[in-house]
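Shown here is one chain on its own, the form predicted on its own, set out as C-alpha cells.
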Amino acid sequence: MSDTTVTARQLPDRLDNPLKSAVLSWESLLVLVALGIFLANSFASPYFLNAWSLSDLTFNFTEKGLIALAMALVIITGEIDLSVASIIALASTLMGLALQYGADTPTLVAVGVGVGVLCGAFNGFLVTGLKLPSIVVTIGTMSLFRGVAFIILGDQSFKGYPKEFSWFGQGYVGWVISFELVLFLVAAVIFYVLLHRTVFGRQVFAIGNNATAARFSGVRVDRIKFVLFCLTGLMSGIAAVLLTARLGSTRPSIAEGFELDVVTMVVLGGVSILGGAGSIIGVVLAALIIGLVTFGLGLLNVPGIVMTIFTGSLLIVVIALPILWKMWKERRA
C-alpha cells in the first residue's frame, strides 16, 4: 500500500520547495478568497462589521460545516451521502414527537443524535453490505427519510422546546462567541487529527486512491466505509439538534437544500470528487467562504433563490476547474 503524502489540491503543480508549495496551495487561495469576500462585505453593508453581525454570520455555516467535515472523509473514499438534509429532517421530527410525550433536554439530544447514527448505519449497510452505489442509495434514502418526516408531521409543526434545549442553537460560550462555533472548531480539530495524523486517515486516502489495492494490503475497506457513513449520520444528527434548537420548531421541510451546500463546501475545500485527495483545513475555509457569501447577500436583501443559483454554479465551477487545468497542461505538454 502506497502512503498518500499529498492530501490537498496544489496550484499549479507540486513543488519541491515547501514554502512555495504552501503559498501556492489550494488552501492559500481559499484564504485570499475569504479575505476578499470579507472586505467586499464590509464595504457593501455598514452593518457587517458589527460584532453581533459577525456572530450571526457563524450560524450560516457551522451546522452545514459540521456535516461537511464527515462528508469530506466519505468523498475521499470515493463515496457520497446525499441524504444528510433528510436525516436532519427525520431526526428533528422524531425529537419533536418525543417532545410531545414529555421528553426532557438530554432525551431530546439523545433522540436527535441516535436517529442520525441509525440513518447513517442504514446507508452504510446498503452500500457496504449489499454493494449498492452510494449515490443511488442516498438519493433513495433522501426521499425515504424526508417522506417519513412528512407522514408524521404533514403540514403541522412541533414547537415549545424547553429553554435548556434552545441553548444548543442559541447559546453563547463567551460574549458573542456562539456554542455552535466552538463546537465546529473543536470538531474540525478532531477531524484534522483523525484524517491527517492517524493510521485510519491514511487508510481513508488509500481506499480513495485504489480500493482494490488497499483491500489486498489488509485495509478493511467495507468496515471503514461503514464507519464513515455512521459518522456522517452522527454529524447530521448533531446538526439536527443545533438547527432545531436555533429555530425553536420542527417542520418536515427543515434543512431543505443543505446537501447542496455541504457538498459544495467539501469540493470547494479541495476534496477531489473522484476520491483520494483532500484536507480538513480546506473544508473549514470553504465553509467560512460559503458563510461569508450567503450572509453578505442576506444583508443586501438578495433573494434566497439567487443564493441557490450561486451555490449550484460554484459547485459546477469547482468540479470543472481541476479538469480544465489538467486539459490545459496536457495541451501545453
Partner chain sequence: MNRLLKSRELWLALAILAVIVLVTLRFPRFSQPANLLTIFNDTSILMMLALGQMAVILTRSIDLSMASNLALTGMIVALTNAAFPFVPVPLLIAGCVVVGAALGAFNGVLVWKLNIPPIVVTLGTLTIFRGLAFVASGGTWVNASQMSADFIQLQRGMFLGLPILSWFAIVVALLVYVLMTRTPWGRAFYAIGVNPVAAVYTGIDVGRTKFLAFVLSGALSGLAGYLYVSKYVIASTESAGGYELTVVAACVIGGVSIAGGIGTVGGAILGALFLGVVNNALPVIGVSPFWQMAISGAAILLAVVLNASSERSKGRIILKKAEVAA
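Since the structure is predicted, the reported quantities are computational estimates derived from the model, not experimental observations. Definition used throughout: the rigid core is the maximal C-alpha set that superposes within 1.5 Å between two forms. Positions refer to the first chain, counted from 1.
Although it is not shown, the form predicted together with its partner chain is what the next lines describe.
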With the cut-off set at 4.5 Å between non-hydrogen atoms, does residue 303 touch its partner chain in the predicted bound form? yes
Although the partner isn't part of this model, could you tell me whether residue 260 comes within 4.5 Å of its partner chain in the predicted bound form, counting any heavy atom of the residue? yes
At 4.5 Å between heavy atoms, is residue 186 in contact with its partner chain in the predicted bound form? no
Since only the chain is shown here, I'm wondering whether residue 151 would be in contact with its partner chain in the predicted bound form (any heavy atom pair within 4.5 Å). yes
Counting non-hydrogen atoms within 4.5 angstroms of its partner chain in the predicted bound form, say which of 80, 234, 108, 211 makes the cut. 80
The listed residue (98, 176, 144, 118) that reaches within 4.5 Å of its partner chain in the predicted bound form by any heavy atom is 144
Looking at its partner chain in the predicted bound form, is some heavy atom of each of 274, 312 and 324 within 4.5 Å of it? yes
Per contact check vs its partner chain in the predicted bound form (non-hydrogen atom within 4.5 angstroms), the hit among 193-201, 125-133, 100-108, 159-167 is 125-133
After core superposition, I'd like to know whether residue 55 moves between the shown form and the other one (criterion: C-alpha shift of 2 angstroms or more). no
Is it true that residue 272 shifts between the shown form and the other one by 2 Å or more at the Cα, once the core is aligned? no
So the Cα-Cα distance between residue 74 and residue 318 shifts by 3 Å or more in the predicted bound form; is it shorter or longer than what we see here? farther
Per the comparison in the predicted bound form, the residue 319 and residue 30 C-alpha atoms (change 3 Å or more) are positioned closer
